[in-house]
Ligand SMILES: Nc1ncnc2c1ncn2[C@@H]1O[C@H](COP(=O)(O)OP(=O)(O)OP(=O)(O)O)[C@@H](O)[C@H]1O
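Encoded as structure tokens, the following chain is the form predicted alone, with no partner shown.
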Amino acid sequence: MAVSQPLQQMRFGSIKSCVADAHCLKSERPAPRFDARGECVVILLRCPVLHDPNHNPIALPDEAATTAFAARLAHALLPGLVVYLRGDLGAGKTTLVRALLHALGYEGRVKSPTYTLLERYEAGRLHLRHFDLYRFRDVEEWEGSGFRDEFDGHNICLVEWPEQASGLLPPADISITFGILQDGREIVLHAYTPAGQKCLDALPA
């Protein structure tokens, strides 16, 4: 796909990403494309990737591994982070959010916001917002539902299917990209802002 300059193209995993030049953040943004499975294959980022784009994937072979990673991430989270969760249906995005909330001490039921689009939580003195935008279609609903107000610099916003609200969401601080393997799942982490980089640098070994 031809993309007008100053966008630069690169690949990681099964996803093709266009990263804008840091000196021209208002570059033209073509609409995302979707493959036969409905997966977004072009992701347009408004900030340069700070975290190594060739960062080794983290294997999550089972639920115990997902829980262990969630505990690591819980210790590194910062208020105000915007985290994009990317991957196919069933890749484990909601499972990770559930494990993350439990790692932070949340004891209630963690529901998938597939139909409500948003669930709100308080855990470990943090305010978390879990978006699932898979069914989001109505741009007017974004303003009418007050979704924009949730990105207030204090809430931690975890957003599944962010490409469904392209042009409405603020840029991500971090993205977590899920891949489905024969023997489980894997994730790749990327930081796009200094706050995102600080979080990934703070992940316990």
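All residue numbers are counted from 1 along the displayed sequence. Everything numeric here is computed off the predicted structure, so don't read it as measured data.
The form predicted together with the ligand exists for this protein as well; it is not shown, and the discussion that follows is about that form.
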item: Contacting member of G108, G105, P79, G90, with respect to the ligand in the predicted complex [4.5 Å, heavy atom]; value: G90
item: Sole residue of P61, G167, P171, G144 within 4.5 Å of the ligand in the predicted complex, by heavy atom; value: P61
item: Candidate site E119, R129 and E163: all three near the ligand in the predicted complex by heavy atom within 4.5 Å; value: no
item: Heavy atom of R185 within 4.5 Å of the ligand in the predicted complex; value: yes
item: Contact label in the predicted complex: T66 to the ligand, heavy atom within 4.5 Å; value: yes
